[in-house]
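As structure tokens, the next two blocks hold two forms of the same chain, structure 1 and structure 2.
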Structure 1
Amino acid sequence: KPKKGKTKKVKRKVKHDEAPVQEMEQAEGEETEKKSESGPCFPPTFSVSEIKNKQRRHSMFLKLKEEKRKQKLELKKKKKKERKALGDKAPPKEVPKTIENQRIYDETTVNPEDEEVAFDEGTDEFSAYFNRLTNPKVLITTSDRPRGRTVRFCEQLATVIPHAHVYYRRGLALKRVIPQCVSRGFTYLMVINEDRKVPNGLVLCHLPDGPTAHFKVSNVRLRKEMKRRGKDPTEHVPEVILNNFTTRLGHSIGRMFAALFPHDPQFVGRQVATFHNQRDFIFFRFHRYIFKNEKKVGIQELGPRFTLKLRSLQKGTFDSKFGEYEWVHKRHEMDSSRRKFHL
């Protein structure tokens, strides 16, 4: 009863604003008709925000929402009925919109048969690796004075990536470290930056004049923090899975990750390292798999997991002042649209 009173008051207010007597009568009539079916009906030019009283406005809004929900349900039911009635001839179900569906088409998306891309990849810095001329050898280090978590993360990374060596950074400048690495035959330099006792950045530098990628690292989970994990990874060379690297930039980053691991994975080890790109976040996982039969595979997570987000890609080796940046994440330009991704 109090609700009725409210609605009636509202109607009167609206009447004062716009509706002549006729409309009110109609509205009342409609109301009485529809009372049995649904809540109060609203005259067409009525807007909830025009009510000044907060309580009444709130209750009106809730009623409006109820109305809408009911209409939606009715629509759904109707559609379902139609579908049943039509049976086989029914139109196919509509695909719901997802962010991946609605992604703005990036003109640098790589077409698998693109000749230009193939040519570029044949002659870029990773071509040496992909032509099996070099074997990867990775040097992992940190920023100054690493704390326990970062150190353990480095150690675990070294077990995951074959031929990886961890070295303690004793306040050395990277520019001086790089020529030494090159002379000792390293192909990759990985620097894990630490902030507040937690690793938060990764600089991945391909050594003989390779590109340098700077990532933001987040959600690092060490091995002991993982639930239901398996035993430690063995020395076998893992397989690599690279998912969703579609654009040119994504392609080059994907190749960068691929070149971290030796060419021929040892399938005996049944280990797989995955770099999965989703909406510009690269998720790294390390699993052990087993084929139960040809349609089912079981995977068990070992090894650390972390996510990366690319911040910048530089053409030469690490040089923060004079480097030539191929791609830099510019927040205001690139983060303005929620449907645009770059990798």
Structure 2
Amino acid sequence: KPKKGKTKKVKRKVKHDEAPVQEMEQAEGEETEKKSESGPCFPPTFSVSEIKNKQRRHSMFLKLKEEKRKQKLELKKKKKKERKALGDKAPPKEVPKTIENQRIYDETTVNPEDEEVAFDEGTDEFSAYFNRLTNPKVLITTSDRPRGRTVRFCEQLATVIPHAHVYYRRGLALKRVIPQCVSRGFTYLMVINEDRKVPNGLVLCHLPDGPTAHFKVSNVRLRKEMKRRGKDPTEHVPEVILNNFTTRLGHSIGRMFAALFPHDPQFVGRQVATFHNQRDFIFFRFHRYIFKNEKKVGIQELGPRFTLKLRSLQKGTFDSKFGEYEWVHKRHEMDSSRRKFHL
């Protein structure tokens, strides 16, 4: 009898222990199903760089990237639903962090109401233009023996800037060209330099007293190279837009570009020349606009387009040996932070 009782007890114990084992198996099965649905799960201290095999490391990196992308999308959808549910009571959208809005404050940022700035503008080299005492007249030339692409670029620039004339250099030094320009009433000398048949530099000299700016030119696109461009520009005087020239240096560069164009734009032509400064790169675009209705406006790029980067600003006219430089871009000293800009 006592033996039978023992065996019964053991049997009961086995039956009693089977339920939690089954529950654990079910839980593990659910976990594996969840893992397979959400994608590969990595431990918290996992680093892809620890994987020695190159192909496996690359595949794991792609999986990790895909998982992060899915998580980001889910979070975005969740936030969108919450905003929709709250309606008018929804909190304002967060402003994304960019290099521009995280910019290090520059002490030379121009305040339009500053009396010192107004005095400097009234007495600088461009004051005659802004007081309507002179009309712009531009001479565009090139480095010695220019190639076809540079010549076409100069010709297209002459169609953008009114009262611009293209002359070939013929081996003359700039110091000899400048007095001839002044005697013939030119207010600007623009020199396009090239390297390996590609325009790579621009010297802009304001006459007769300077200043002279030297720019690096990149990403030049001529009209034939542009897709969906409009018809060639007309001879109407375009409007000029100058964006984000906020510091004292940027202000003087903006005034320099403004003085290239006549005062009164002809709105009949519906043409706009834009100099847009972003992270010290000056993007030039030339558009024609059309009013579709009272609210909508269509724009059409006419070309050419290019990007400028200021290298130096020199007082007076061009003088490579004895010129006094107002500002020079020193890359290793000035570009220590990505959030610091000079224009």
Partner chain sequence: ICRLKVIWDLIGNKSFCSYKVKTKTQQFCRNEYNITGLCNRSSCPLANSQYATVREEKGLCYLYMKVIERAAFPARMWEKVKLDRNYAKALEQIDENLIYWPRFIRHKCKQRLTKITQYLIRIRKLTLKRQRKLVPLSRKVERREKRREEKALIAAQLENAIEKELLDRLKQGTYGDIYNFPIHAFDKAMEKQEEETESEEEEEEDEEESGTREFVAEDEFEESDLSDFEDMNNLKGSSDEEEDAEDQSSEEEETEEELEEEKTKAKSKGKTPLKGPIRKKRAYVEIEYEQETEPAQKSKAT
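On a predicted model such as this, the values are computed, not experimentally measured, just so you know. Here, rigid core means the biggest group of C-alpha atoms that superpose within 1.5 Å across both forms. Every residue number counts along structure 1's sequence, beginning with 1.
The form predicted on its own appears here as structure 2. After superposition on the rigid core, displacement of the C-alpha of residue 59 between structure 1 and structure 2 amounts to 2 Å or more. In the core-superposed comparison between structure 1 and structure 2, the C-alpha atom of residue 241 has shifted by less than 2 angstroms. Treated as two rigid parts, the chain shows its smaller part rotated by 19° relative to the larger one between structure 1 and structure 2, based on C-alpha superpositions.
Superposed on the core, the two forms differ at residue 294, whose C-alpha moves 3.5 Å between structure 1 and structure 2. Lined up on the core, residue 91 has its CA atom moved by 5.1 Å between structure 1 and structure 2.
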